[in-house]
Each structure stands twice: as C-alpha cells, then as structure tokens.
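Single chain ahead, by itself, as structure tokens, in the form predicted alone.
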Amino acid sequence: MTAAAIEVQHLTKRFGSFTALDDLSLKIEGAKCVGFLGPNGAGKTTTLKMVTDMIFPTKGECFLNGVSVQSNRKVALSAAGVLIESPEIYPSLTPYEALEMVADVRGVPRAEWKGRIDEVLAEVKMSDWADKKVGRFSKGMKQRINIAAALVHDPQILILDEPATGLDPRGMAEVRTIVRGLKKRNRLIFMSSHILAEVTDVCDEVALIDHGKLRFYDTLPNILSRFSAGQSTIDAAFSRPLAPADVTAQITSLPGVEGVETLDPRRVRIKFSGGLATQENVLKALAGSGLGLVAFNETSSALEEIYLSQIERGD
C-alpha cells in the first residue's frame, strides 16, 4: 500500500470580491498528524471543504492519494474519513444505529459492520454507550461519535476540522487523547486548529495559513529552530519546590542554557541554544541533579510567539 497523501495545487477560492484562499500549494505524505493552524477566518475550513469536495475551487485542484477530488470524487474520497463542522446525530438513535447508517453509506460490507463498529467505538472510548440514546450525550461525547463515524470504513486519511472547538476542558482533553491514539494506526491525520496547545500536544508537523496564504509548513522542531533565532524552550516540572539557589546554581550553569523563568515553585521554563543535542544534555543533567525532575515538554509559548509574528507580519 502506498503512503497516504494529501496534495493541493494552486488552490484559490473567491467569494465575489473576497479572496478566501490565495494560490495555496501544499503536499503532505505519510502516517503522521499535521496541524493546520491559523486564526479564525484564515481559510482553514475553506481549504478542507475543497479537499473534500464540499465546495468547488475557483482555481486549482486537490488530490487524495494521487487521485483528483475534482475529477474523480468517489474514488478520491473513499480513502478519507472526514469531520467538518460537527454534524448533528439524530438524538433518538444509539451510536450503534448511527454508525450502521454510516457504514451502509460508506459501502462497508454488512458482514463487517459489527466488527468495525465495535472497533471504532473502542477507539473513541464509547463502547459502554453503544446502546444509549445520543440525545442523552454531552457535546464531547457526541463529538467522539462523530469521530467514530469518520473512522468506520477504516480510512487511510483522516481530516478533522477543529475537533475540540466548543468543548469544555475535559472534552478537549478527551479529543486530544483520541487523536494521539489514532496516530498509532498508520493514518495520515490532517487537523485544523487555532488552539496552539492542542497543536503542540498532538501534531508532528504544522502548516500555518493566514489570509488565505501559506506561511510555512514543517516539523514542529524545525519551525521552532527556524523562527526562534537558534533558541528553544522547554518547561520542566519537579516533585518539590525549588529553592532559588538551586535554580541559579544547577540550572542556569548548564551548558547551552541562556535563561530560566520560574513559572511556580515546582515548574521552570528553560531557554537554551544548540538544538536537540543541548536539550538532551540539559534533561540528562536535570534528571541526575537530585532536584526531583518528574516531567518536561516543549513549551507552546515559543510556537505562540512565532504564530503571532507570522500573523501580524502580513504581506
């Protein structure tokens, strides 16, 4: 089986005198999660609607696994599971009944329905609710069923349009957990978002769009390195409060560290230069320092600064 791929070539969409998308070209290949990042109104949903043939481009063409969506819609979209703008599910249906309808429309052989539905309900952690009425569900639970509907025909490509928007913090965390799990299933996930923490948490690569134009597309580490003047940032958490002397003596003195910011008594933000090699050495030193390091992650603040600089830059 060839690697999953999404490609758009010179994609443009005009609504009267307004240009929603301006000559966008982008190619994504392989099993990974790509964040499609941008502010509201940037052109994210417009792009996804053209990739899935919900609206027609003014100019350009979209391809899924090398098949033109505009010329051969049925074959192209057979490889994709799509969730755009959170469709409603009939409240009188159960998840199992709703997914049977989707499986039928998607051409899943009837003999495979039960196995596929059981599998996707497990993927979205809704197996215990399979026979309950959807009308009783929270918004987050309904969104999980919507994701299951996009997965029921076992697509290579999964296209999600801001799947966590409008959910409460618990619902957002549940969706992020599900997306992380989906990454292990050898799928290409293309997920639009304007939530920076969400992108940092689950995505391998990021494409940033603003005013219908692509600003950049690369891996997250490369983006941070490219736009951060050689500096990177991590947040480190410790099992007990740090004394100021410990921060000064043991962290700021590490090779490559250029600054330390105390976020609270148990967490610090460390700025360093030298890329992944320095990061490895810094974390190794912290782990062996006796300070009680328990967690670390790349901070979203660096991506936020890049995001704002690119959005404000304009053309």
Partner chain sequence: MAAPTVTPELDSAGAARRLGPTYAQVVKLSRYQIRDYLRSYRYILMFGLVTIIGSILTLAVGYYRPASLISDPLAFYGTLWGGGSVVVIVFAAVIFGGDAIAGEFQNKTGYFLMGLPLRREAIYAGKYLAALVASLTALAFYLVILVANGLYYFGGSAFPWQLGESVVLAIVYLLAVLGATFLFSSLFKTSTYATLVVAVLFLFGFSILQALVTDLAKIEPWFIISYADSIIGNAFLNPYPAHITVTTATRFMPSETVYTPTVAEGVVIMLGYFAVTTLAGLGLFEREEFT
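Just so it is clear, the structure is predicted and the values come from calculations on it, not from any experiment. Positions refer to the first chain, counted from 1. Note that the rigid core is defined as the largest set of C-alphas that superpose within 1.5 Å between two forms.
From this point on, the text means the form predicted in complex with its partner chain, which you will not see here.
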query = Using heavy atoms and a 4.5 Å limit, would one call Ile55 a contact residue for its partner chain in the predicted complex?
reply = yes
message = Although the partner isn't part of this model, could you tell me whether Asp128 comes within 4.5 Å of its partner chain in the predicted complex, counting any heavy atom of the residue?
response = no
inquiry  = Please tell me whether any heavy atom belonging to Asp118 falls inside 4.5 Å of a heavy atom of its partner chain, as the geometry stands in the predicted complex.
reply    = no
ask   = in the predicted complex, does Thr278 have a heavy atom within 4.5 Å of its partner chain?
value = no
task = Go through 214-222, 237-245, 196-204, 83-91 and give me the stretch that gets within 4.5 Å of its partner chain in the predicted complex, heavy atoms only.
result = 83-91
ask   = Should the three residues Phe15, Asp104 and Leu188 be counted as contacting its partner chain in the predicted complex, with contact defined as a heavy atom within 4.5 Å for each?
value = yes
note = its partner chain in the predicted complex has a heavy atom of only one listed residue within 4.5 Å, and of Ala285, Leu26, Val260, Val67 that residue is Val67
key: Partner contacts in the predicted complex for 134-172 (non-hydrogen atom within 4.5 angstroms of its partner chain)   = Asn146, Ala149, Gln156
ask   = With both forms fit on the core, has Ile89 moved 2 Å or more by CA between this form and the one not shown?
value = yes
ask   = Do you see a C-alpha shift of 2 Å or more at Lys114 between this form and the one not shown, with the core held fixed?
value = no
